[in-house]
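Next comes just one chain, in structure tokens: the form predicted alone.
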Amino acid sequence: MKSLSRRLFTASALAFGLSLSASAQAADIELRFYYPVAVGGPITKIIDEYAAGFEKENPGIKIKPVYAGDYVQTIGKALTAVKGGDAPELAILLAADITSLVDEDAVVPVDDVIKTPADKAWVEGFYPAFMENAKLKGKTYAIPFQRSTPVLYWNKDMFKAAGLDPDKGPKDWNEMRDFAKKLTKKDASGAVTQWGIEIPSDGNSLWLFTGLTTGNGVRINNAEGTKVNFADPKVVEALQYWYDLSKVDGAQPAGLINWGTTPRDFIEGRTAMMWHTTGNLTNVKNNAKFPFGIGFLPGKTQFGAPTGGGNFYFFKGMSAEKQAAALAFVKYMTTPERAADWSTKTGYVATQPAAYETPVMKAYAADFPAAIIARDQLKYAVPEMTVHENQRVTKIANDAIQAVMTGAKPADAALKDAQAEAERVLKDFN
């Protein structure tokens, strides 16, 4: 009888996509869902609530979130599970991990999972900027979920005290440098009591650095993911500018700036400006005791920011019924209403235009206009670095950035070495 129920479920789910009928009640399907915890706030509680909501609407399907650490730890655990023959059904992993997951033959194209015209219309409803690195070699491999861009945060009270317009952030590199210098304060002994700016450099270094390179009019890699441009003079200039904020201008802490503690430095008044993910927007909104502004990342020649964050991936090895259930869960998690709810609770960018037309998002944006800044910045956004052997090449770039920020190497030498090392890693893909 249970076998019959399973066959009925499979036929129904494959025919109708979201039609998870009463036969699913007998199927007792469990979907393991790897989820990375990478930002502040009660993220896991929200995910647990969404999973419970889906289970209530779909009796017999169990969602088992597995909180597997940060993004790097999560893809490591996922690929280890794949090699051990125990892959999860779903995972949220970096959009930039698409090449690694496809090269490892770990994931199923979304094109193989969707079955109906309505399914295809759903996939086409996400922002093109987020879909740019959800596709590879003509196939869609991922569905955007917790996507973000970095933005500039500033403390309006500190701006006012420094004689700056509290409602206008810096528009370009020159203004950002000037503002940061004006906002830096020292006590009688010469010790800094308030930094002008913090751009984290010890975690997600390359992601934030891509905001600088894009603002200088250069792409960090080619569209095919086979070449990088680390040694480009504009890339070198961007890294030198970042270093000079500390070494030359004295407006940013010297050495490495911690990704995880930077929002706390901003909230507690130790820095007047910071670059950070929109995924921390709600955290800052709920905890800052001062008015703050949000703006596009200032650039030298143009605005520019990388898209970032995680996508849903479907792993290989699922039965047809599990695949249908997984599709239903991903659809549930990405409805416009849920995307709006997720964005208002976390600060991540809602991944589809339809979410911004929901009553929840309209009301939220009217009360908190900063919520739509990242969405508007998408017109200037590019994908974060997405290349083959992405983890290795990202480490090469991060090591070079950190060598410069700590004073171990000059920018041109560090990036020249990184270029040569990355080319060795990527030679088999050219």
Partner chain sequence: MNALRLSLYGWLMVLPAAALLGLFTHIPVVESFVHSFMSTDKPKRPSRFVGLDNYDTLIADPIFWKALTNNLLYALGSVPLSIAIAMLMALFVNDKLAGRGFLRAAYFTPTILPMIAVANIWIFFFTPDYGLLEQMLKPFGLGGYNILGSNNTALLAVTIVAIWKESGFFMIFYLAALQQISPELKEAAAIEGISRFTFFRRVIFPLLMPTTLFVMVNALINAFRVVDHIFVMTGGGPNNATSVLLFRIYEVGFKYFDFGFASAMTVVLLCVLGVVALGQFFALDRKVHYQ
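For clarity, a rigid core is taken as the largest C-alpha set superposing within 1.5 Å between two forms. Numbering follows the first chain given and starts at 1. Predicted, not measured: the structure shown is a model, and the values here were computed from it.
Separately, the form predicted in complex with the partner chain exists; it is not shown, and the next lines address it.
**Student:** Choose one stretch from 390 to 398, 360 to 368, 52 to 60, 376 to 384: the one whose residues place a heavy atom within 4.5 angstroms of the partner chain in the predicted bound form.
**Tutor:** Heavy-atom contact with the partner occurs in 390 to 398.
**Student:** In the predicted bound form, does Asp178 have a heavy atom within 4.5 Å of the partner chain?
**Tutor:** Although the partner chain is absent here, Asp178 would stay clear of it in the predicted bound form, with no heavy atoms inside 4.5 Å.
**Student:** Against the partner chain in the predicted bound form, would Asn258 count as a contact residue? Criterion: heavy atoms within 4.5 Å.
**Tutor:** Close contact exists here: in the predicted bound form, Asn258 approaches the partner chain to within 4.5 Å, heavy atoms only.
**Student:** Answer yes if any heavy atom of Ala413 is within 4.5 Å of a heavy atom of the partner chain in the predicted bound form; otherwise answer no.
**Tutor:** Result no; Ala413 lies far from the partner chain in the predicted bound form.
**Student:** Heavy atom to heavy atom, is Gly317 within 4.5 Å of the partner chain in the predicted bound form?
**Tutor:** The answer is no: Gly317 has no heavy atom within 4.5 Å of the partner chain.
**Student:** Looking at Trp195, Phe145, Phe209, Tyr141, which is the one with a non-hydrogen atom within 4.5 Å of the partner chain in the predicted bound form?
**Tutor:** Selected residue: Trp195.
**Student:** Could you work out which of Asp172, Asp157, Glu104, Glu124 is the residue within 4.5 angstroms of the partner chain in the predicted bound form, going by heavy atoms?
**Tutor:** The residue from Asp172, Asp157, Glu104, Glu124 that makes the contact is Glu104.
**Student:** Within 393 to 423, which residues have a heavy atom closer than or equal to 4.5 Å from the partner chain in the predicted bound form?
**Tutor:** Contacting residues: Lys395, Asp399, Gln402, Ala403, Thr406, Ala408.
**Student:** Aligning on the core only, does the CA of Tyr241 end up 2 angstroms or more away between this form and the one not shown?
**Tutor:** Shift of 2 Å or more: no.
**Student:** With both forms fit on the core, has Ala78 moved 2 Å or more by CA between this form and the one not shown?
**Tutor:** After core superposition, the displacement of the Ala78 C-alpha between this form and the one not shown reaches the 2 Å mark, so yes.
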